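We've got the same protein chain twice here, in two forms, each standing alone as structure tokens: structure 1 and structure 2.
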Structure 1
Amino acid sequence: MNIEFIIDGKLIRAHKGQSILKAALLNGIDIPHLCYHEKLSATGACRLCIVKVNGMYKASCTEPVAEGIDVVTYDEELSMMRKELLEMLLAEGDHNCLYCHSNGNCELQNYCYQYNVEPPAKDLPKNIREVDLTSSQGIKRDENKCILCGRCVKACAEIQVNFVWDFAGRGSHAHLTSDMYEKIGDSSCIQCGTCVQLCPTGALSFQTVLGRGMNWELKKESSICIYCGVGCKIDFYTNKEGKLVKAMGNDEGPNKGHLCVKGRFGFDFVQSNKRLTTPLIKKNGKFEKATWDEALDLVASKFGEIKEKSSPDALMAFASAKCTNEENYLMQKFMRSVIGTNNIDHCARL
């Protein structure tokens, strides 16, 4: 903390090389921003975070802190400028919160509300961009809600390192491309969903979400992913009916908010009606419902028979990565000390 300067009359300490925006956010001062995201390198494209630095206009996400500067983050003029920039964004796209899954969870909507932005004039030019709601099993794309902030491009490049997204076109005709102008479902996208999680509007969304509950009705519960050893922390959202709607990476886990396709989308089995809820025992060639006691007694007696007739080594166990470490430990302990064999293995990952 070797640099001291002023933001809105308050003395702030920051590290050399830090941006003004970052220093402000760390000190609880909020400056509006849309293209900046703490997980990504700075872009400087939305210009919403412009502040006055010693009276000069500077984008605070890209302007480094400097000793003794005087930063103003909010005054009437800056507020007017931000309002006009937001009006430009609204005019450029087709933003209708009524039909948007991001309604209530949209950074653009929040700022438009905060800055009292009016609907744009009708005669301003728009460029109709790609809408692709069906090609991918996981991800929907409606670029008319896109503000070209570039978070998805950077999410794919810097976090997932898959480089599916980039910008194509130029100027007012700029738009996104996935791979070689392909549909997202035909591209090399592996559907990790990181771009969707970082999208500040409803331009990118998950197939599972729309119509399954308003954002403010969803309840969030954090859990650990059951698929592999990384142990990603996931926030699961359930709707009023108790149905799971979406999985978002939790920033506090070892995954720092990132998920893979399994953690992101592989949760439908939880509430599947095909899921087994009681043990089944095959009688006369057909599975019949049984109690746990019946089932365990049967397994124990069969295990005993095999062990007696052949040897402990005639038995083996294969444990699952979906179980916890503790459950897996118990499994091998059971095989080694109760059954008496070292025939134990594990599927390692799913």
Structure 2
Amino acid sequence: MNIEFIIDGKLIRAHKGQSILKAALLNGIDIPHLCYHEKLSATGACRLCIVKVNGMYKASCTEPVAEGIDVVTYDEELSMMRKELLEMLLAEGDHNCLYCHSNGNCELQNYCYQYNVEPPAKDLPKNIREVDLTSSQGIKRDENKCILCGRCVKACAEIQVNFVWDFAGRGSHAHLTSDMYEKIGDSSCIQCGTCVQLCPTGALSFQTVLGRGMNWELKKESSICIYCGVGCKIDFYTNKEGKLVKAMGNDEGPNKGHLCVKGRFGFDFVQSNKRLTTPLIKKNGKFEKATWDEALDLVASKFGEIKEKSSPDALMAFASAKCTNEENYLMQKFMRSVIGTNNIDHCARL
């Protein structure tokens, strides 16, 4: 059922049950928001999305559309209220953009620039929490930059369904907890990184990129995950040296932006110094470099000897998830049609 109403003098059509914020975003009208994310259920925590509905203040992320309402998303009064909300968020945390990993890719920072918000002149009492930099190989946790928006909590519960993140404490002592532990490494976190991808500040970040490049220096290239058969689409980020430093789920793929731990962090082999760059043949107990013709001729002759002596079923092949679908198809075709055996398996199945 379609509903018609007004946003900033513009006639909008929306579906019954949609929030004002979602309807606005779908129609190209930007309303500031931090706790809201299109993949998560509405929270109404940050109040930055406040609007006037028929003259009354409402949180647009939780307020449903209604026939004939008149919504104002921006005026001098609303602008002042949002500025005060942003000032409070800065005052409660430790947001030093110069030394923040998310500098240049922080939603809070973007809104502070938009509303000309500066950090408070006086240092207010803060509950400074220890930065968890070492307990997790994939994720850095700095709660001093947390604004308690709840995105990570809902991302873990509603997308990954792992229920690691939650809130603990009350009032000014409220903070995040991972399975009631202070360290991520002590929790049941499976390192999928969904919480980091949806975090609007620098409270959660990826270890792989720390010290390896600033956000505005990274170059993005889209690709397909090499591991299982889902075919998740990934945005890979490389630094100025051409090194892969970060992987983000792409919303256009079948994964809808989500990644598992392999897709998120399983790219380190690409630039490993242990990768073979030339065929090696063992001679006198030591591996020596060889040409491709030498290596292929040796393998073919050995396969032929085994097949003739012990039958084709004495041979088997183990295919790789790091190869393309086409390469894996050729591998099974080779084993069945050339060697003459069904002894073919694949690491992803295991």
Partner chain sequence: MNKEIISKAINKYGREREHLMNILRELESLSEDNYLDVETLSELAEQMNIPKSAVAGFVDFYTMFKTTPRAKYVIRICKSTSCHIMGARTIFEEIESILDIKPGEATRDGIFYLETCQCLGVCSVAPAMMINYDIHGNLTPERLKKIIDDYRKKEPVDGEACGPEVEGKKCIIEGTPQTKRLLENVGVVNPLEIDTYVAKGGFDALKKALGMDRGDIIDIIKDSGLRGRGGAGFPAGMKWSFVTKGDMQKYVICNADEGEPGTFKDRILMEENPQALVEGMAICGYAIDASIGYIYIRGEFRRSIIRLQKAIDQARAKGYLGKNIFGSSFSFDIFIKEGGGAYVCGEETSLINSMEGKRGYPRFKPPFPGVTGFMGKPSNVNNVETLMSVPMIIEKGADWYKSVGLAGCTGTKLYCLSGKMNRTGLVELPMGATLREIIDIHGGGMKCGSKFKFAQVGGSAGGMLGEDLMDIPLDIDNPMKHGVTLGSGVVLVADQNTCPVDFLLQILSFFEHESCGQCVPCRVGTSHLHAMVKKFAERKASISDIDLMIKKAELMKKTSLCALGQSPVMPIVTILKYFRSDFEKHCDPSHRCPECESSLTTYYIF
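We call the rigid core the largest set of C-alpha positions that still match within 1.5 Å between the two forms. The shown structure was predicted, so the numbers you read here are calculated from the model rather than taken from an experiment. Reference numbering: structure 1, starting with residue 1.
Engineer: Look at both copies of the chain and name the one that is the form predicted together with the partner chain.
Structural biologist: Of the two, structure 1 is the form predicted together with the partner chain.
Engineer: Of the candidates E326, E305, R170, R275, which marks the hinge of the rigid-body movement between structures 1 and 2?
Structural biologist: Among the listed options, R275 lies at the hinge between structures 1 and 2.
Engineer: Would you pull out the angle in degrees that the smaller rigid body rotates by relative to the larger one between structures 1 and 2?
Structural biologist: Here the smaller part turns by 8 degrees.
Engineer: Align on the rigid core first, then pass along the CA displacement of K309 between structures 1 and 2 in angstrom.
Structural biologist: K309 is displaced by 4.4 Å at its C-alpha.
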